[in-house]
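First, one chain by itself in structure tokens, the form predicted on its own.
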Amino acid sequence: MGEHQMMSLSALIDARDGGKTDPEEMVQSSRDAIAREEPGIGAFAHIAENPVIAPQGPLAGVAVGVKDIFDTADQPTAYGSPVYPRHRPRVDAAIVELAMRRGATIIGKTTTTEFAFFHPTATRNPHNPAHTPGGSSSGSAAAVAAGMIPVAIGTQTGGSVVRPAAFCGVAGYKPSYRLLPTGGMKHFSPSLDTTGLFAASVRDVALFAALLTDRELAAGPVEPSKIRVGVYRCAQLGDADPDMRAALEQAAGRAADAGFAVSDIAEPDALARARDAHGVIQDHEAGLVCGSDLARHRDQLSSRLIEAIERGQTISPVTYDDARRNAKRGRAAARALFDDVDLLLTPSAPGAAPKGLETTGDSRFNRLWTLMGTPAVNIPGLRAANGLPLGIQAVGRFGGDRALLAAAAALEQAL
């Protein structure tokens, strides 16, 4: 275990376009890596036996792992739950079909926590198998970190893209809400569920986003002196691990050394209040969309999931509406905040990946930004004293994904 050679999407695309490799060869190298690494990691819920390899397309030859929360017609879709064994939807989720239309090969379904909530998978962290890879997109982050595949698709409702990316030392990009489609996923909280992407580096994840969506998202050059970076001083920083607090200061220092305009930003009260609204909104919606799972399959659900769905069903519409109003005020405050800065730096998680597989870690640094719908990306590169990755989260203005990815790619070089 320990260090794995990750696959760079940019390098693969360059080699393919330069005639040095072809789609068949590219997919075969992923299949070889899966055969080699998967037994020790357990990142896949299902591996395609004869995956379709498109001869052309922007993503031709790119092996993509898809979180098993998304429907796939030709591979089983279990949503991380024993309730859905051998479940085969009739059609693919929108993001899966989009990837295939762009030429990607769906190499397999990556593990997800139960219904993308908290109940962990058996997936191990490629940097140290005794530690969690994070969740709920556990397999997607671990498969990229272990060098099995160049890219993967996941989802975030609280911190389920950015946090596992941080724990596994890869780039995890949670786009602006609704930039990527969520149709055909097993929803938990529809107004929070966000489709996200994983790759080895910020540059790679930006390229994946660009090739997948046909939007101008690839990380172009930036002029650091024109980019205002705010170090986000929220109350949560107080109980982050000393390692993580030091990493945030180190990131801010290196950003300043690289010429970025760095300053401290205090958390507005409206955003602190909005953070507390996240749980109410998430649970109330889960109580609705997972209500039938609870009513019909209670005996096959984990106690934590039962508790969350039941808690959600006791939240009154009045309380839910009040939480949504607080979220709306928070979004107005976030818009105002991004008049003063171009991006915020904050931890991706309270520290490095915790030991043991019974937890997937803590999403306290991610929930607010999921609720705000703002784009966020984990910048890998820093390490804790124990050698495990520490992630720095860069957050941008809603809809400002291209600018965020370009700046984060430049910051990644500085780190």
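Numbers follow the displayed sequence, beginning with 1. A quick note: this is a predicted structure, and the numbers were derived from the prediction, not measured.
What follows is about the form predicted in complex with a further copy of the same chain, which we do not show.
A.B. asks: Verify the flagged residues 100, 177 and 288 against a further copy of the same chain in the model of the complex: is each one within 4.5 Å by a non-hydrogen atom?
C.D. replies: Per the other structure, all of 100, 177 and 288 touch a further copy of the same chain.
A.B. asks: Look up in the model of the complex whether residue 91 has a non-hydrogen atom within 4.5 angstroms of a further copy of the same chain, and give yes or no.
C.D. replies: Yes, residue 91 lies within 4.5 Å of a further copy of the same chain in the model of the complex.
A.B. asks: I'd like to know if residue 246 sits close to a further copy of the same chain in the model of the complex, meaning any non-hydrogen atom pair within 4.5 angstroms.
C.D. replies: No, residue 246 sits far enough from a further copy of the same chain in the model of the complex that none of its heavy atoms falls within 4.5 Å.
A.B. asks: Within 4.5 Å, heavy atoms only: does residue 293 come near a further copy of the same chain in the model of the complex?
C.D. replies: Yes - in the model of the complex, heavy atoms of residue 293 and a further copy of the same chain come within 4.5 Å of each other.
A.B. asks: Is residue 190 one of the residues lying within 4.5 Å of a further copy of the same chain in the model of the complex, judged by heavy atom distances?
C.D. replies: Yes, residue 190 sits close enough to a further copy of the same chain in the model of the complex that at least one of its heavy atoms falls within 4.5 Å.
A.B. asks: Exactly one of 242, 238, 221, 317 has a non-hydrogen atom within 4.5 Å of a further copy of the same chain in the model of the complex; which residue is it?
C.D. replies: Here the answer is residue option 317.
A.B. asks: Can you work out which of 261, 336, 272, 73 has a heavy atom no more than 4.5 Å from a further copy of the same chain in the model of the complex?
C.D. replies: Only one option qualifies, and that one is 73.
A.B. asks: Look at the stretches 148 to 156, 262 to 270, 341 to 349, 77 to 85 and give the one with heavy atoms within 4.5 Å of a further copy of the same chain in the model of the complex.
C.D. replies: Of the stretches listed, the one contacting the partner is 77 to 85.
A.B. asks: Enumerate the residues of 321 to 346 that have a non-hydrogen atom within 4.5 Å of a further copy of the same chain in the model of the complex, in sequence order, or give none.
C.D. replies: Residues within 4.5 Å: 321, 324, 328, 335.
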